[in-house]
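Here's a solo chain for you in structure tokens, the form predicted alone.
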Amino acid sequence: MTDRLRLVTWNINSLRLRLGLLGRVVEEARPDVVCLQETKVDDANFPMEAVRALGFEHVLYRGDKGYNGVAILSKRPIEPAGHRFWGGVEDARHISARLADGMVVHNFYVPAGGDIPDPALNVKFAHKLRFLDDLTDWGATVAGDTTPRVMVGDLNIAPLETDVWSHKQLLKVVSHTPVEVDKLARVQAAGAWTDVVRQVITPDIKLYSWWSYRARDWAAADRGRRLDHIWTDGGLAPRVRGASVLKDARGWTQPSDHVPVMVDIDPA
């Protein structure tokens, strides 16, 4: 019988800069699989030796020089399950892996979308909306699949009122605007995805995974947003036994502005 799977997703905001912090996450959380976003390293310079030294013998990655970039690090055997380009832009924002039990893990880095929530004025926001539309179309093609599915990553949207420090003040701020929240809901519905973090940590509880670097004292202000997500198909969701956000990581030396999000999944 395969042991329970511990899966972490984290926008690390530069893998090479924060290899030490990744090591701390590995030591404290003991994950089996780590999905990283914003690795900010091209494939030729991926720090494979350092990653393997942390216990991850099985590694998939796709990178762009200096920005974007996704990776899946695993202590268990995995094989490539493909990637796609989204929103009409060829960049490194998606990678997927298949575990030995057949489970497929999709790791996404959705565009942040810039500062102006108007696609006519902001090409970055337009790209984000196209990306979400593509995710909806794709979700409809996998919704009926019996393969166990997991979708994780920095989706750059905080959908619930309790996913932001102030729903009212952020309604016109990119990441919590009604159009983004609606499109993310369409993605979730089309793919028949379950937000398993909120299955465990109920929606009445305030929950964040990102705090801006701009805050002088991020912990005291606590003006966070839940931008990082773990979803599964409906059949897999009952096997999720725990979920947590590693908030303390935001206070480490030279931290990412995101913190790791973690779930435990029982074997079938």
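We number the residues from 1 along the sequence you see. Keep in mind the model is a prediction, meaning the values are calculated, not measured.
The same protein has a further form, the form predicted in complex with the DNA, not shown here; the description that follows concerns it.
Novice: Do heavy atoms from each of R62, H83 and H106 fall within 4.5 Å of the DNA in the predicted bound form?
Specialist: No, none of R62, H83 and H106 comes within 4.5 Å of the DNA in the predicted bound form.
Novice: Out of 53-61, 231-239, 38-46, 24-32, where are the residues with a heavy atom within 4.5 Å of the DNA in the predicted bound form?
Specialist: Result of the contact check: 38-46.
Novice: Would you classify R76 as touching the DNA in the predicted bound form, given a 4.5 Å non-hydrogen atom cut-off?
Specialist: R76: no contact with the DNA in the predicted bound form.
Novice: So, in the predicted bound form, is Y67 in contact with the DNA at a 4.5 angstroms heavy atom limit?
Specialist: Taking the distances in the predicted bound form, the answer for Y67 is yes, it comes within 4.5 Å of the DNA.
Novice: With the cut-off set at 4.5 Å between non-hydrogen atoms, does A190 touch the DNA in the predicted bound form?
Specialist: Taking the distances in the predicted bound form, the answer for A190 is no, it never comes within 4.5 Å of the DNA.
Novice: Are any of the heavy atoms in K128 no more than 4.5 Å from a heavy atom of the DNA in the predicted bound form?
Specialist: Contact check for K128: no, nothing within 4.5 Å of the DNA in the predicted bound form.
Novice: Quick one: name the residues from 196-219 with any non-hydrogen atom within 4.5 angstroms of the DNA in the predicted bound form.
Specialist: Those in contact are Y213, R214, R216.
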